[in-house]
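Shown next as structure tokens: one chain only, the form predicted alone.
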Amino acid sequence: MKSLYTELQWLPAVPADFAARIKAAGASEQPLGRELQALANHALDLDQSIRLAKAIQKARTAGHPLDGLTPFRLAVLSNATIDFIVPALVAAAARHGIALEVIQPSYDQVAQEAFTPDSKVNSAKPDAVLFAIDYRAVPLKPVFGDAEAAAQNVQGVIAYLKSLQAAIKANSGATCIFQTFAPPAESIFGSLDRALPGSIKNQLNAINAQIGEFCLETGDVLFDVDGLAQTVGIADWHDVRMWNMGKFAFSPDLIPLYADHVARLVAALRGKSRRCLILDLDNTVWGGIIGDDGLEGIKIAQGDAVGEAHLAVQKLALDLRARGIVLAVCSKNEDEIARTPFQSHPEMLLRLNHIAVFHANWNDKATNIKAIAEELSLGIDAMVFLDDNPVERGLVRKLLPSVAVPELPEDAALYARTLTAAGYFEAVAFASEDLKRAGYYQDNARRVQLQKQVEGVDAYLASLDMTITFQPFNAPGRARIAQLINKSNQFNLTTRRYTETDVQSFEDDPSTFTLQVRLADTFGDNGMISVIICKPGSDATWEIDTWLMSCRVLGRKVENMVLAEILEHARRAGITRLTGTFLPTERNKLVIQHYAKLGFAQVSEDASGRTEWALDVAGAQPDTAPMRVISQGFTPLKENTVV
């Protein structure tokens, strides 16, 4: 069972031509990002990870573009040996779509690097700093039975970690990633260690809880190493021989697993976590084949081992939906037959109202998955496809390599566990709107269906009975604003990333104009769907630093309404000119003509495709859409109006 984690068994086995492909990549002068990511997307051991990392480094050194991979700079501060961890991090990051550059200071220089303003780490200005330290790096002594001394010890460790965080924030501005501490395997009192105040295990439990609270408060990132170590076994995690010989904080056999977990967090920081789970039906959601076995013949019931295994898949799907993951169905079946268990089987946990898009037909599954993504207005790379059939899994991987397709074992009892082990839905923050996200996408799919029934765009927009609400940045919206800034890729003009702390600084800066935009319609509340940041420029100009929007509301002229709101406030502020920038990425081609469509004049373009745009405020009159406008929280408050 442990091998599921230690061998990364949710990933396909390493291909026989792995070495040859690595060699070919090293000799190629073509863009290599896609090929290197494809190679990384296998169950690599440590040696294979190191070989892939060398190929990535060689490509980077030679100046070959790593197309499709998002750059990220990560500094790693540790009290242990990390020489083998660094290349594993680079390889695992490629798996998750990240071109990772690791800043590695000298051994055991955690405090020196954090507190020295011009240290190697601070001078490098990384995107994030990983504090890869274990319990041996903090001032912690056993004080058996002394609760007061234990509390002081705990607060001392937390204060130390907070001081590291403050120093990194002040000196580099990087996001901090804090690990929880895996306790040593050795016990002093046996089971009593957990409960006895002052034992190492008891103190580490308290410290880990406070690290979690600290990260939630500050917007920094939590890496639950304690949870990971307990999953694979504390005794296997701590290899005392390797600590004594080489100061390895954990077993080298577990480095690929550790690296994959770090890479998931980095990917989540860059908005690359998956958003939709697409389910096959026969022998995945239920046991048996509905078309052959009928409603009474499929296995989906308590008291039956096979039935309970598939119920576990359904329960996991529902739990994921509850936290905001969209559910869809992709099955080779007759539509009416495939829907029958959802409507009529008394043991089914999943019902049709849980499914945003339902595709049951005889098309190939890659075609159906593309259609599902289109209906949900999500990218293909937001999809996870769960299917028991290895042939179907292989087809989707070949035709849609951006779709995550976990390998599944023969035993259906392990399907749910394998899906969670893969970590496709990693989150670094949580906002209350996440709970509603699955509903948002489900409603959007219904809007797509409505649009097919209504003649003409204007008639369709009018039928939606939309209300758009504009507010400046504020404390209640701060976490969601930061989340959108770090997750939005397609409708994002500059793809600049900001932390919650950055968002608060914009919020507090009276010279910066900000907008958070919400949209509601006849199907419900879409939540926050757009974020704007305008910074002051010279000569009565606002420079649009950030303009992003959820693709769920594309085609409704929301961007026109946003521009009208910006113009309204610009005129009040005496601003005469708006300027905007388009910074091209692999994923934002959707908005390459955004400013042109809104009437901006192009000012410049450089070799990278970066374009600069300008609009005179006085004469600008963007086309608007039939929707009620609410503008609140600004000074002075504008009365509600109807366009």
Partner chain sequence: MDAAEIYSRLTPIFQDIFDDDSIVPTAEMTAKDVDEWDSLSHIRMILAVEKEFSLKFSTTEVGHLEKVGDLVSLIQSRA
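Residue numbers count along the first chain shown, from 1. Quantities reported herein were computed from a predicted structural model and do not represent experimental measurements.
The form predicted in complex with the partner chain exists for this protein as well; it is not shown, and the discussion that follows is about that form.
Using a 4.5 angstroms limit between non-hydrogen atoms, residue 54 touches the partner chain in the model of the complex. Proximity of residue 246 to the partner chain in the model of the complex falls within the 4.5 Å heavy atom cutoff. Looking at residue 241, you'd find a heavy atom of it within 4.5 angstroms of the partner chain in the model of the complex. For the chain shown alone, residue 628 is not a contact residue for the partner chain in the model of the complex, no non-hydrogen atom being within 4.5 angstroms. Contact with the partner chain in the model of the complex, defined as a heavy atom within 4.5 Å, holds for exactly one of 336, 83, 292, 296, namely 83. The contact with the partner chain in the model of the complex, taken as any heavy atom within 4.5 Å, belongs to 252 out of 252, 156, 288, 71. Segments offered: 30-38, 60-68, 581-589, 46-54. Contacting the partner chain in the model of the complex at heavy atom distances within 4.5 Å is 46-54.
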